[in-house]
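Heads up, the chain below is alone and in the form predicted on its own; it's given as structure tokens.
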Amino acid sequence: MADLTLSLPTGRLKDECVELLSQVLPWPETLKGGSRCLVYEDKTFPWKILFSHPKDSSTYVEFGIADLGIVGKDILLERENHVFELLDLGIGRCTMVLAGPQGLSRAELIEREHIRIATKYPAITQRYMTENGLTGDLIYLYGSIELAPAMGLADAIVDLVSTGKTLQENRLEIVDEICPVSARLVANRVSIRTRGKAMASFLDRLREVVHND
């Protein structure tokens, strides 16, 4: 039986997770590269690995399918899963921002009586609007939300930004930085009690790797 079950994200963050965890324990060759394996368990390897969509990783942890998971801070803020956040892993760094057409200032936006903000993160956006006294409508979009201001659908957007290149190419710029985002290690609340020894050992080794980078 595996010491711990880990839920890891697929997509862009997967390679960074694998690289980081490989410094804690030699990683199975079958999971490297373009492997499409979703569940890995082997008696010679101390962890059971689940690969799930980045937005689902914390849910697998919350419901006890996994003891630990790696998930973006943006997902934790949006989903508000009942999990323990243990460690900032320092990978997948970006920033959650409010962005709008070039030349639009934060003060100008706040002064408007009614605004429309397009986003993939309605919960985060609603909290930001409430905290900053903004009133208006949230427009949930799944795809490239940079299109919304250009087409007059929204006054501004809330989204993740890494380099800012996409904003610039679509004549948008950052109006306000909402919060920094990076990948976090989270734990199931029950597993903390029942598998605490194995979890503490893993956390100590991972913390050493993160702090040495």
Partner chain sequence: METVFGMKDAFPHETRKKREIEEALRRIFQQWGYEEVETPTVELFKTFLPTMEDEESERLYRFVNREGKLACLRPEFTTSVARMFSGRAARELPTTRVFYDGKIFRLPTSPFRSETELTQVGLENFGRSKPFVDAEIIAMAAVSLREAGIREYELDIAHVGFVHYLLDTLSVNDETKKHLRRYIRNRDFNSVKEVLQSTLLDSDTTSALMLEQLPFLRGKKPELESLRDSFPAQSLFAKSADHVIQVWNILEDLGIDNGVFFNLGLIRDFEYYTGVIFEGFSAYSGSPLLTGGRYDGLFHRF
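Positions refer to the first chain, counted from 1. Being a predicted model, the structure only gives us computed values, none of them experimental.
If you look for the form predicted in complex with the partner chain, you will not find it shown, but the lines that follow are about it.
*Asks:* Since only the chain is shown here, I'm wondering whether Val71 would be in contact with the partner chain in the predicted bound form (any heavy atom pair within 4.5 Å).
*Replies:* No, Val71 sits far enough from the partner chain in the predicted bound form that none of its heavy atoms falls within 4.5 Å.
*Asks:* Does the 4.5 Å heavy atom contact test between Arg116 and the partner chain in the predicted bound form come out positive?
*Replies:* Close contact is absent here: in the predicted bound form, Arg116 is far from the partner chain, nothing within 4.5 Å, heavy atoms only.
*Asks:* Indicate whether Leu203 is a 4.5 Å heavy atom neighbour of the partner chain in the predicted bound form.
*Replies:* Yes, contact at 4.5 Å.
*Asks:* Is Ile91 near the partner chain? Define near as a heavy atom within 4.5 Å, in the predicted bound form.
*Replies:* Ile91 lies outside the contact set for the partner chain.
*Asks:* The partner chain in the predicted bound form: within 4.5 Å of a heavy atom of each of Glu85, Gly196 and Met199?
*Replies:* Yes, each of Glu85, Gly196 and Met199 comes within 4.5 Å of the partner chain in the predicted bound form.
*Asks:* From the list Arg106, Arg79, Arg112, Arg127, which entry has a heavy atom within 4.5 Å of the partner chain in the predicted bound form?
*Replies:* The option sitting close enough to the partner is Arg79.
*Asks:* Please tell me which of Glu62, Glu146, Asp176, Glu173 lies within 4.5 Å of the partner chain in the predicted bound form, judged by heavy atoms.
*Replies:* Checked against the cut-off, the match is Glu62.
*Asks:* Along 129 to 148, which positions have a non-hydrogen atom within 4.5 Å of the partner chain in the predicted bound form?
*Replies:* If the 4.5 Å heavy-atom criterion is applied to the partner chain in the predicted bound form, 129 to 148 yields nothing.
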